[in-house]
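Here we start with a single chain on its own, the form predicted on its own, put down as C-alpha coordinates.
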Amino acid sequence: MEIVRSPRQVAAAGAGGLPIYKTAPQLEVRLEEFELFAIDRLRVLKGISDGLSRGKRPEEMEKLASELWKTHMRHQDPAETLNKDIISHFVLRLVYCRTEELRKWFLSMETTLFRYRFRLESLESQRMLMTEFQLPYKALPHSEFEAVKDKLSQVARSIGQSTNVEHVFFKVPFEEVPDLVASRRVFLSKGYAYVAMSQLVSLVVTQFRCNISKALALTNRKWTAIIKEQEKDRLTPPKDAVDISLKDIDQLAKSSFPLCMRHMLDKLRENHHLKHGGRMQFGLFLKGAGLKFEDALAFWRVEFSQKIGPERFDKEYAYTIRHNYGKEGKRTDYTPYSCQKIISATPGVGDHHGCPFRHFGEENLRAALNKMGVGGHALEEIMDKVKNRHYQVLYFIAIGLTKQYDIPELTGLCGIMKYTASLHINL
(Lines give C-alpha, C1' and ligand atoms only; values in the text may rest on other atoms or scores of the structure.)
Protein backbone atom coordinates (compact mmCIF):
# COMPACT_ATOMS: atom_id res chain seq x y z
CA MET A 1 0.00 0.00 0.00
CA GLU A 2 1.32 3.44 -0.93
CA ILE A 3 0.97 6.34 1.44
CA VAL A 4 0.71 9.68 -0.32
CA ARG A 5 1.65 13.08 1.05
CA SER A 6 -0.44 16.05 0.05
CA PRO A 7 1.65 18.77 -1.62
CA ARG A 8 0.00 21.31 0.69
CA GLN A 9 1.42 19.66 3.80
CA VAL A 10 4.61 21.26 5.00
CA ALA A 11 6.47 20.32 8.17
CA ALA A 12 6.85 23.01 10.79
CA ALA A 13 10.26 24.62 11.05
CA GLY A 14 11.81 26.62 13.83
CA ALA A 15 11.11 30.31 14.07
CA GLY A 16 14.28 31.08 12.15
CA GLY A 17 13.73 28.48 9.42
CA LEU A 18 16.12 25.94 10.97
CA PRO A 19 14.18 23.00 12.49
CA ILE A 20 14.77 22.12 16.13
CA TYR A 21 12.80 18.84 15.89
CA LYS A 22 10.49 19.31 18.86
CA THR A 23 7.66 17.15 17.56
CA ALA A 24 7.28 14.65 14.76
CA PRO A 25 5.49 16.09 11.70
CA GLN A 26 1.87 15.14 11.06
CA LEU A 27 2.46 14.23 7.44
CA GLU A 28 1.62 11.39 5.11
CA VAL A 29 4.75 10.22 3.33
CA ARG A 30 5.35 7.91 0.41
CA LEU A 31 7.08 4.76 1.60
CA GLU A 32 9.92 5.19 -0.87
CA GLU A 33 10.49 8.75 0.39
CA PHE A 34 10.43 7.52 3.98
CA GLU A 35 13.30 5.23 3.04
CA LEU A 36 15.32 7.47 0.74
CA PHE A 37 15.12 10.54 2.99
CA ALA A 38 16.62 8.56 5.87
CA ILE A 39 19.42 7.13 3.72
CA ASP A 40 20.32 10.58 2.38
CA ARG A 41 20.51 12.02 5.89
CA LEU A 42 22.58 9.05 7.00
CA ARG A 43 25.05 9.88 4.23
CA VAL A 44 25.34 13.41 5.60
CA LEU A 45 25.89 12.24 9.19
CA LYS A 46 28.42 9.61 8.19
CA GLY A 47 30.26 12.16 6.06
CA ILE A 48 30.51 14.42 9.11
CA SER A 49 31.68 11.48 11.24
CA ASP A 50 34.32 10.66 8.65
CA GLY A 51 35.52 14.28 8.58
CA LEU A 52 35.85 14.39 12.37
CA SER A 53 37.73 11.08 12.39
CA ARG A 54 40.17 12.47 9.82
CA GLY A 55 40.91 15.39 12.12
CA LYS A 56 39.58 18.15 9.84
CA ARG A 57 39.80 21.69 11.17
CA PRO A 58 36.59 23.58 12.15
CA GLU A 59 36.57 25.66 8.96
CA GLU A 60 37.06 22.50 6.89
CA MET A 61 34.23 20.78 8.75
CA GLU A 62 31.92 23.74 8.16
CA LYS A 63 32.61 23.55 4.42
CA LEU A 64 32.20 19.76 4.42
CA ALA A 65 28.86 19.91 6.26
CA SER A 66 27.58 22.52 3.82
CA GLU A 67 28.63 20.45 0.79
CA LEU A 68 27.13 17.26 2.19
CA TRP A 69 23.84 19.00 2.90
CA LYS A 70 23.72 20.53 -0.56
CA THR A 71 24.50 17.20 -2.23
CA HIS A 72 22.15 14.91 -0.32
CA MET A 73 19.41 17.01 1.28
CA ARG A 74 18.72 20.16 -0.72
CA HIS A 75 15.74 20.38 -3.07
CA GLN A 76 14.81 23.08 -5.58
CA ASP A 77 11.70 23.77 -3.53
CA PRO A 78 12.65 25.05 -0.03
CA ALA A 79 9.45 23.54 1.38
CA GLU A 80 10.48 20.11 0.09
CA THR A 81 13.94 20.54 1.62
CA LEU A 82 12.31 21.36 4.95
CA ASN A 83 10.03 18.33 4.77
CA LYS A 84 12.93 16.05 3.92
CA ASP A 85 15.00 17.53 6.74
CA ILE A 86 12.39 16.96 9.44
CA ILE A 87 11.10 13.59 8.21
CA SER A 88 14.60 12.13 7.84
CA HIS A 89 15.58 13.27 11.32
CA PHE A 90 12.64 11.52 12.95
CA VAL A 91 13.12 8.34 10.92
CA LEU A 92 16.75 8.10 12.02
CA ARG A 93 15.79 9.01 15.58
CA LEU A 94 13.62 5.88 15.58
CA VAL A 95 16.48 3.79 14.17
CA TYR A 96 19.14 5.12 16.52
CA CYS A 97 17.16 5.21 19.77
CA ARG A 98 17.57 1.48 20.38
CA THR A 99 20.89 1.31 22.23
CA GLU A 100 23.03 3.71 24.23
CA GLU A 101 25.83 3.39 21.70
CA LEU A 102 23.57 4.25 18.76
CA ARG A 103 22.02 7.16 20.66
CA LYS A 104 25.44 8.56 21.53
CA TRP A 105 26.62 8.58 17.91
CA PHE A 106 23.39 10.02 16.53
CA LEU A 107 23.30 12.75 19.18
CA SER A 108 26.89 13.73 18.47
CA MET A 109 26.47 13.88 14.69
CA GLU A 110 23.12 15.70 14.76
CA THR A 111 24.55 18.27 17.19
CA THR A 112 27.57 18.83 14.96
CA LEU A 113 25.35 19.23 11.90
CA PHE A 114 23.09 21.69 13.74
CA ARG A 115 26.12 23.72 14.88
CA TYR A 116 27.37 24.31 11.34
CA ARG A 117 23.91 24.97 9.94
CA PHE A 118 23.19 27.49 12.73
CA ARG A 119 26.34 29.42 11.85
CA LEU A 120 25.05 29.89 8.31
CA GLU A 121 21.81 31.47 9.54
CA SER A 122 21.36 35.25 9.54
CA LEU A 123 21.78 37.19 12.78
CA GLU A 124 18.04 37.79 12.97
CA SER A 125 17.33 34.09 12.42
CA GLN A 126 19.78 33.20 15.16
CA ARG A 127 18.00 35.55 17.56
CA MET A 128 14.65 33.99 16.67
CA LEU A 129 16.00 30.49 17.30
CA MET A 130 17.34 31.60 20.66
CA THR A 131 13.82 32.80 21.51
CA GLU A 132 12.30 29.51 20.36
CA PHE A 133 14.61 27.56 22.66
CA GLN A 134 13.21 29.76 25.44
CA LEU A 135 16.65 30.58 26.77
CA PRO A 136 16.18 32.84 29.81
CA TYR A 137 19.08 35.14 29.02
CA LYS A 138 19.00 38.82 28.20
CA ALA A 139 21.67 41.04 26.79
CA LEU A 140 24.07 42.46 29.39
CA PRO A 141 23.03 45.91 30.66
CA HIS A 142 25.28 48.75 29.52
CA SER A 143 26.48 49.53 33.05
CA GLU A 144 27.60 45.94 33.68
CA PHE A 145 29.16 45.75 30.23
CA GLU A 146 31.29 48.82 30.96
CA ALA A 147 32.42 47.28 34.26
CA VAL A 148 33.88 44.20 32.57
CA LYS A 149 34.79 45.71 29.19
CA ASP A 150 38.55 45.59 29.83
CA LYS A 151 38.37 41.92 30.83
CA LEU A 152 36.42 41.11 27.70
CA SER A 153 39.08 42.89 25.64
CA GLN A 154 41.80 40.77 27.23
CA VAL A 155 39.93 37.58 26.34
CA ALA A 156 39.45 38.81 22.77
CA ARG A 157 43.18 39.52 22.40
CA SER A 158 44.13 36.15 23.87
CA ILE A 159 42.15 34.28 21.22
CA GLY A 160 43.35 36.46 18.34
CA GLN A 161 40.18 38.49 17.84
CA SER A 162 39.87 42.19 17.16
CA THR A 163 40.42 44.45 20.13
CA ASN A 164 37.13 46.14 19.28
CA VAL A 165 34.93 44.39 21.80
CA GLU A 166 31.43 43.38 20.74
CA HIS A 167 28.69 45.30 22.50
CA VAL A 168 26.14 42.50 22.89
CA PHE A 169 26.95 39.88 25.54
CA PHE A 170 24.92 37.34 27.50
CA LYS A 171 25.70 36.37 31.09
CA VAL A 172 25.08 32.64 31.52
CA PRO A 173 26.04 29.90 34.01
CA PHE A 174 29.45 28.64 32.89
CA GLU A 175 28.34 24.99 32.76
CA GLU A 176 26.02 25.79 29.86
CA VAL A 177 28.89 26.65 27.50
CA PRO A 178 31.42 23.90 28.27
CA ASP A 179 33.15 24.11 24.88
CA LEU A 180 33.84 27.84 25.28
CA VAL A 181 35.11 27.34 28.83
CA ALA A 182 37.32 24.40 27.79
CA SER A 183 38.91 26.45 25.00
CA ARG A 184 39.23 29.58 27.21
CA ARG A 185 37.22 31.72 24.82
CA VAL A 186 35.03 33.47 27.42
CA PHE A 187 35.51 35.65 30.46
CA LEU A 188 34.45 33.90 33.69
CA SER A 189 33.38 35.66 36.87
CA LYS A 190 31.58 34.29 39.93
CA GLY A 191 30.31 31.20 38.13
CA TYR A 192 29.10 33.04 35.03
CA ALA A 193 30.44 33.15 31.49
CA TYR A 194 30.13 36.29 29.37
CA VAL A 195 29.12 35.04 25.92
CA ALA A 196 29.39 37.33 22.91
CA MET A 197 26.68 37.46 20.27
CA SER A 198 29.13 35.86 17.82
CA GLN A 199 29.51 32.95 20.25
CA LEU A 200 25.77 32.43 20.60
CA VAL A 201 26.04 29.17 18.67
CA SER A 202 27.59 27.48 21.71
CA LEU A 203 24.66 28.43 23.94
CA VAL A 204 22.02 27.32 21.44
CA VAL A 205 23.83 24.10 20.51
CA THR A 206 24.08 23.10 24.17
CA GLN A 207 20.31 23.47 24.50
CA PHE A 208 19.73 21.64 21.21
CA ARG A 209 21.90 18.74 22.37
CA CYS A 210 20.03 18.56 25.68
CA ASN A 211 16.66 18.50 23.91
CA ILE A 212 17.65 15.78 21.43
CA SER A 213 19.22 13.69 24.19
CA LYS A 214 15.99 13.75 26.20
CA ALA A 215 13.94 13.02 23.08
CA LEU A 216 16.10 10.00 22.22
CA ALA A 217 15.69 8.60 25.72
CA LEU A 218 11.91 9.08 25.52
CA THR A 219 11.76 7.47 22.07
CA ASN A 220 13.74 4.52 23.38
CA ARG A 221 11.29 4.03 26.25
CA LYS A 222 8.34 4.17 23.85
CA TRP A 223 10.10 1.79 21.45
CA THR A 224 10.84 -0.72 24.19
CA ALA A 225 7.41 -0.52 25.82
CA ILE A 226 5.14 -0.28 22.79
CA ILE A 227 6.54 -0.07 19.28
CA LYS A 228 9.13 -2.86 19.36
CA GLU A 229 6.54 -5.59 19.88
CA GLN A 230 3.91 -4.05 17.61
CA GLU A 231 6.29 -3.49 14.71
CA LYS A 232 8.46 -6.62 14.95
CA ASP A 233 6.71 -8.21 11.97
CA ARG A 234 6.04 -5.09 9.89
CA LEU A 235 9.53 -3.59 10.16
CA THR A 236 11.27 -6.59 8.63
CA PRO A 237 13.70 -6.41 5.74
CA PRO A 238 12.00 -5.90 2.37
CA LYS A 239 12.32 -8.57 -0.26
CA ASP A 240 15.37 -6.94 -1.81
CA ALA A 241 17.15 -6.92 1.57
CA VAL A 242 17.00 -10.64 2.33
CA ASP A 243 19.00 -12.42 5.01
CA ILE A 244 22.35 -13.80 3.96
CA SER A 245 22.84 -17.54 3.57
CA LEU A 246 25.83 -19.87 3.85
CA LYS A 247 26.59 -19.64 0.15
CA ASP A 248 26.78 -15.82 0.38
CA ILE A 249 29.48 -15.60 3.04
CA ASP A 250 32.62 -16.02 0.93
CA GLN A 251 31.45 -13.64 -1.79
CA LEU A 252 30.35 -11.02 0.75
CA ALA A 253 33.66 -11.37 2.54
CA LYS A 254 35.46 -10.31 -0.64
CA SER A 255 33.15 -7.39 -1.42
CA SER A 256 31.93 -5.99 1.89
CA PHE A 257 33.43 -7.53 5.04
CA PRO A 258 35.62 -5.28 7.20
CA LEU A 259 39.26 -6.33 7.33
CA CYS A 260 38.90 -7.72 10.85
CA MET A 261 36.09 -10.04 9.73
CA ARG A 262 37.88 -11.10 6.56
CA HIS A 263 40.90 -12.00 8.67
CA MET A 264 38.89 -14.14 11.08
CA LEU A 265 37.10 -15.92 8.24
CA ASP A 266 40.47 -16.69 6.61
CA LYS A 267 41.84 -18.06 9.89
CA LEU A 268 38.69 -20.08 10.48
CA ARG A 269 38.98 -21.64 7.03
CA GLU A 270 42.68 -22.27 7.60
CA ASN A 271 42.61 -23.67 11.15
CA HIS A 272 38.96 -24.80 11.44
CA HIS A 273 38.91 -23.12 14.83
CA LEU A 274 38.70 -19.71 16.51
CA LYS A 275 39.19 -18.94 20.18
CA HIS A 276 36.33 -17.52 22.24
CA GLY A 277 37.04 -13.86 21.43
CA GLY A 278 37.07 -14.57 17.72
CA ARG A 279 33.91 -16.68 17.85
CA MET A 280 32.05 -13.90 19.67
CA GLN A 281 33.25 -11.06 17.45
CA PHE A 282 32.77 -12.90 14.15
CA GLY A 283 29.66 -14.81 15.18
CA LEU A 284 27.75 -11.72 16.29
CA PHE A 285 28.87 -9.90 13.16
CA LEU A 286 27.38 -12.65 10.99
CA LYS A 287 24.21 -12.51 13.05
CA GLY A 288 23.95 -8.75 12.58
CA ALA A 289 24.60 -9.13 8.86
CA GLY A 290 21.56 -11.40 8.56
CA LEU A 291 22.77 -14.99 9.01
CA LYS A 292 19.91 -17.00 10.51
CA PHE A 293 20.39 -19.18 13.58
CA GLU A 294 20.09 -22.49 11.73
CA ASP A 295 22.63 -21.40 9.13
CA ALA A 296 24.99 -20.07 11.79
CA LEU A 297 24.91 -23.38 13.65
CA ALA A 298 25.57 -25.27 10.40
CA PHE A 299 28.38 -22.86 9.44
CA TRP A 300 30.31 -23.30 12.70
CA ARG A 301 29.63 -27.05 12.87
CA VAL A 302 31.05 -27.65 9.38
CA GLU A 303 34.24 -25.75 10.14
CA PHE A 304 34.91 -27.03 13.67
CA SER A 305 33.99 -30.63 12.85
CA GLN A 306 36.93 -30.84 10.48
CA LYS A 307 39.22 -30.50 13.49
CA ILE A 308 37.35 -31.77 16.56
CA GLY A 309 34.43 -33.78 15.15
CA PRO A 310 30.70 -33.02 15.27
CA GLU A 311 30.05 -34.66 18.66
CA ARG A 312 32.60 -32.52 20.49
CA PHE A 313 31.32 -29.43 18.69
CA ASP A 314 27.76 -30.11 19.83
CA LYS A 315 28.94 -30.70 23.36
CA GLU A 316 31.39 -27.80 23.80
CA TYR A 317 30.58 -25.06 21.28
CA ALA A 318 26.96 -25.20 20.07
CA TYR A 319 25.62 -23.71 23.32
CA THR A 320 27.43 -20.39 22.74
CA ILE A 321 25.86 -20.02 19.31
CA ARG A 322 22.40 -20.73 20.70
CA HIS A 323 23.07 -18.28 23.52
CA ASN A 324 24.13 -15.51 21.10
CA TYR A 325 20.87 -15.92 19.22
CA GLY A 326 18.79 -15.73 22.40
CA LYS A 327 17.97 -19.46 22.48
CA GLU A 328 19.64 -20.15 25.83
CA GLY A 329 20.34 -18.45 29.17
CA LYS A 330 18.70 -15.06 29.59
CA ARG A 331 17.31 -15.24 26.05
CA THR A 332 19.05 -11.94 25.29
CA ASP A 333 19.12 -10.76 21.68
CA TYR A 334 22.83 -9.93 21.45
CA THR A 335 24.06 -7.36 18.93
CA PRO A 336 27.40 -7.13 17.05
CA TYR A 337 30.40 -5.60 18.77
CA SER A 338 30.99 -1.91 18.10
CA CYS A 339 34.19 -0.70 16.50
CA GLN A 340 35.19 0.87 19.81
CA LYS A 341 34.83 -2.44 21.63
CA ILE A 342 36.82 -4.25 18.95
CA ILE A 343 39.56 -1.60 19.02
CA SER A 344 39.71 -1.84 22.83
CA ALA A 345 40.17 -5.63 22.79
CA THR A 346 43.46 -7.18 23.94
CA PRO A 347 44.07 -10.28 21.77
CA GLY A 348 46.49 -12.80 23.17
CA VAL A 349 48.73 -15.39 21.52
CA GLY A 350 46.71 -17.46 19.07
CA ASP A 351 43.81 -14.98 19.04
CA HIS A 352 42.59 -13.50 15.77
CA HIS A 353 39.95 -11.03 16.97
CA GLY A 354 40.42 -7.31 17.53
CA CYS A 355 41.13 -4.52 15.02
CA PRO A 356 43.86 -5.21 12.42
CA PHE A 357 44.56 -1.49 12.09
CA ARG A 358 45.46 -1.39 15.76
CA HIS A 359 46.65 -4.88 16.61
CA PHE A 360 48.54 -5.97 13.48
CA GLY A 361 52.22 -5.23 13.06
CA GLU A 362 53.08 -2.99 10.13
CA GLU A 363 54.28 -5.85 7.91
CA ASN A 364 51.16 -7.96 8.49
CA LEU A 365 48.86 -4.98 7.95
CA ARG A 366 50.56 -4.09 4.68
CA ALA A 367 50.18 -7.67 3.49
CA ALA A 368 46.49 -7.75 4.43
CA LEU A 369 45.80 -4.48 2.64
CA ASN A 370 47.72 -5.64 -0.44
CA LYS A 371 45.47 -8.69 -0.48
CA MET A 372 42.48 -6.29 -0.60
CA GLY A 373 44.04 -4.57 -3.61
CA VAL A 374 45.29 -1.49 -1.77
CA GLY A 375 48.82 -0.37 -2.64
CA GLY A 376 51.02 2.54 -3.64
CA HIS A 377 50.12 6.01 -2.39
CA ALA A 378 46.79 4.78 -1.03
CA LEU A 379 48.54 2.23 1.17
CA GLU A 380 50.90 4.86 2.54
CA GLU A 381 47.97 7.16 3.30
CA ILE A 382 46.35 4.40 5.35
CA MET A 383 49.58 3.60 7.20
CA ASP A 384 49.87 7.28 8.08
CA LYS A 385 46.33 7.18 9.52
CA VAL A 386 47.33 4.13 11.55
CA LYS A 387 50.17 6.10 13.11
CA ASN A 388 47.68 8.83 14.04
CA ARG A 389 45.32 6.20 15.53
CA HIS A 390 42.31 6.98 13.32
CA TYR A 391 41.31 3.33 13.49
CA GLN A 392 37.54 3.56 13.04
CA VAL A 393 37.61 5.34 9.69
CA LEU A 394 40.38 3.26 8.17
CA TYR A 395 38.21 0.40 6.96
CA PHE A 396 36.05 2.80 4.99
CA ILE A 397 39.10 4.48 3.47
CA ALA A 398 40.45 1.09 2.40
CA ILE A 399 37.14 -0.07 0.93
CA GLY A 400 36.62 3.27 -0.78
CA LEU A 401 40.02 2.98 -2.45
CA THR A 402 39.20 -0.45 -3.83
CA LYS A 403 35.77 0.86 -4.99
CA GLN A 404 34.05 -2.23 -3.70
CA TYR A 405 31.67 -0.71 -1.17
CA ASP A 406 28.55 1.35 -1.72
CA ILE A 407 25.86 2.30 0.80
CA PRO A 408 23.02 2.38 -1.79
CA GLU A 409 23.12 -1.42 -1.92
CA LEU A 410 21.21 -1.28 1.37
CA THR A 411 17.55 -0.36 1.17
CA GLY A 412 14.70 0.20 3.57
CA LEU A 413 14.49 1.17 7.20
CA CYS A 414 15.68 -2.28 8.19
CA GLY A 415 18.41 -1.95 5.60
CA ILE A 416 19.71 1.04 7.55
CA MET A 417 19.47 -0.95 10.78
CA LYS A 418 21.29 -3.87 9.22
CA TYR A 419 23.92 -1.51 7.81
CA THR A 420 24.47 -0.12 11.28
CA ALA A 421 24.67 -3.55 12.88
CA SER A 422 26.62 -5.51 10.30
CA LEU A 423 29.44 -2.99 10.00
CA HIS A 424 29.69 -2.72 13.79
CA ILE A 425 30.44 1.00 13.58
CA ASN A 426 30.65 2.94 16.83
CA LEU A 427 27.38 4.77 16.31
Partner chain sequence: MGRDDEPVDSMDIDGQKQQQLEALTAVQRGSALTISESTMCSGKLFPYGDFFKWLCYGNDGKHPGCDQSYVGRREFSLTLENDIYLCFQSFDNATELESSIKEKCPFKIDIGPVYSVDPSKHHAYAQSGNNVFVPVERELIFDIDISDYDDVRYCCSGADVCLDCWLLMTIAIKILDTSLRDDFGFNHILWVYSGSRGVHCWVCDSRARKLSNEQRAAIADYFRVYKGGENALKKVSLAGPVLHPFLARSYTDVLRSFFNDKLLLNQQLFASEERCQKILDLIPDKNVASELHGKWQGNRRSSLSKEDVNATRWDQLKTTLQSGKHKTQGLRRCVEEIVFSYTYPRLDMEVSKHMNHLLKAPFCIHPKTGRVCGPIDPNNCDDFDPAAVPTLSQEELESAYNAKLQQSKNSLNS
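Positions refer to the first chain, counted from 1. Note that the structure is predicted; figures quoted are calculated from it, not measured.
Quick note: we don't show the form predicted together with the partner chain, though the next part is all about it.
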Legend entry - Which of 178 to 186, 312 to 320, 76 to 84, 109 to 117 sits within 4.5 Å of the partner chain in the predicted complex, heavy atom basis: 178 to 186
Inset, instruction - Can you work out whether the partner chain is within 4.5 angstroms of a heavy atom in all three of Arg43, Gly47 and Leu94 in the predicted complex? - result: no
Inset, instruction - Verify the contact flag for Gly191: yes if a non-hydrogen atom of it lies within 4.5 Å of a non-hydrogen atom of the partner chain in the predicted complex, no if not. - result: yes
Inset, instruction - Would you please decide whether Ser158 lies within 4.5 angstroms of the partner chain in the predicted complex, comparing each non-hydrogen atom pair? - result: yes
Inset, instruction - Verify the contact flag for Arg98: yes if a non-hydrogen atom of it lies within 4.5 Å of a non-hydrogen atom of the partner chain in the predicted complex, no if not. - result: no
Inset, instruction - Although the partner chain is absent from this view, report whether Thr131 comes within 4.5 Å of it in the predicted complex, heavy atoms only. - result: no
Legend entry - Contact residue in the predicted complex, chosen from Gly329, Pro173, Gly348, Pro141 - any heavy atom within 4.5 Å of the partner chain: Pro173
Inset, instruction - Let me know the one among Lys104, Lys151, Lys341, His72 whose heavy atoms come within 4.5 Å of the partner chain in the predicted complex, would you? - result: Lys151
